[in-house]
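Laid out below as structure tokens are two forms of one and the same protein chain, each shown alone and named structure 1 and structure 2.
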Structure 1
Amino acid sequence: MKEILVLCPFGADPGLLSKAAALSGGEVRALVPQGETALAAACGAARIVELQAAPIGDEARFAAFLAERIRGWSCPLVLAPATVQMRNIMPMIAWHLKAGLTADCTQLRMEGELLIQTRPAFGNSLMADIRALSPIQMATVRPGTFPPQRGEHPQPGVERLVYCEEERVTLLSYRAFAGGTPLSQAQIVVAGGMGVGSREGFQKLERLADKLGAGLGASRTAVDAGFAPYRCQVGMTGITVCPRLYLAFGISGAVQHLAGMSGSGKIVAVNSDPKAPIFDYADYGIVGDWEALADKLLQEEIL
């Protein structure tokens, strides 16, 4: 099986590393920041490149640096999480390597020596299987698409890579748009749809999410209606999540939304419509008023 290189220079993605280990039979080389070698090894990486670098200011120069290293490693398959920074850097790496790149994948599988990459297409009306015919195949994957799996490599090889940037660009600051745990990494998600009915309704769900230590999610229609910000959108055109528990309030269960949360461990759906499609996918379904249940949960003592 061909070696798969997983580029995580800004933070290891355990789910993506686990998936790469499963696809390659353990032949994974992981590039991770200094201090995250143990996490990479726990997810099955056989070879770990520990990157020592100051904050990256010039992404084009960093992309050229990584492309040169990839040539030296002779890795035919290159994956990366589709984070804000890697969405910028991966196309530049692909240009240097003259490689095919599929962005924002939601599924990966191997067919012989070819990596089959699945992603939404044609306005999210269908899922397209894509393969690259170039010698190097590249893809970015939505964070949170694959759940982490423990499969620690017993004796991973570790090398250190130092990147020093010339003072052409100075990074003044970099911070996440929203604080707390990213929605894609939340173990519990409290999500609302159009059935919630208002921005005030979502404020109640946000209080419930805070109480449960959960992330706040929303359907695309709820975001389009202005009930919740885009950073909460779960689905094909939003964030993919795979929490242990997904609480869906007033969500009908459109295909686009289900694609973003189908990897959840347990799904609890609350909807006043007994024929709502989401009940076909839920582990537990409650036909009734979402707000009455949310109020009840807010009153409960959480240990």
Structure 2
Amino acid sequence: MKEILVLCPFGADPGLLSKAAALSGGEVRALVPQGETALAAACGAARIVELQAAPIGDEARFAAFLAERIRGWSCPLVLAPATVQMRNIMPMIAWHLKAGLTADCTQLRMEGELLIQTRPAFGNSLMADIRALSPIQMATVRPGTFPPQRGEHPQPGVERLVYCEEERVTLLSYRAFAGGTPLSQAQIVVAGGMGVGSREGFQKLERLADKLGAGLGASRTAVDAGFAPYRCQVGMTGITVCPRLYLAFGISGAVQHLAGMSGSGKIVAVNSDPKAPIFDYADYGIVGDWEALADKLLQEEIL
């Protein structure tokens, strides 16, 4: 089996690491930030590269640095989560390595030495199987696409890698972009759509999400209406999630939304329209007003 390198310099992606371990028969080299070696090992990484400094500004320089390391490690297969930063950095690495890169994959499999990379194409109307013929094959995968599997490597090797950013970028201040549970790692997602009707409605859902320890999700239409920020958008043009429980409030169930959440363990949909398409995919459907149920759950003591 060929070794697979998983690049997670900004935070380990347990689902992607687990998938790489399954594809490579345990031959995974994971690059993770300081403090995340135990998580990488728990997901089956055999070799762990602990990055000593977080790159903060010059992505082109960081990409060149990583490309040089990848050459040194002779890794034929390179994966990364399709986060905002890695979506910028992976094409630059691919350019340095003259490697084929497929972005935003939703499925991966091996056919002999070839990595078959599946992703939606033509507005989600078909799934394309893509293979790169370059010696190095690269892909990004939407965070949350693959469920994490525990598969501890008995004795992972750990090496430290120091990255020094030149003085070209100075960090003046730092503020966390979003509070609460990151959507892609949430075990429960409370999501709202146009049926929620207002920003105030979403504030209520946010309170419910906090109470349940859940991440807050939204449909694209709700995001476009300004009810929720883009980081909450679930679906084809947003984040892919696979929580154990997905609570959909006032969401109709358009295919583009389903593309981002249909891998959820259990789906509970609340919609006032009994013919809403979401009910075809929901494990439990409640025909009624979203707010009545949200209020009830907020009052519930046992949660």
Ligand SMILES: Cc1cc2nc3c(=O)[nH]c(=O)nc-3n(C[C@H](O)[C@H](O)[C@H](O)COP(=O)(O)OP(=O)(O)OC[C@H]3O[C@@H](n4cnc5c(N)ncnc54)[C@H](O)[C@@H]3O)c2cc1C
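For clarity, a rigid core is taken as the largest C-alpha set superposing within 1.5 Å between two forms. Structure 1 provides the reference sequence; residues are numbered from 1 along it. Because the structure is predicted, anything quoted here is derived from the model rather than measured.
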Would you indicate whether the form predicted on its own is structure 1 or structure 2?
-> 1
Comparing between structure 1 and structure 2 on the rigid core, is the C-alpha shift at Gly226 2 Å or larger?
-> yes
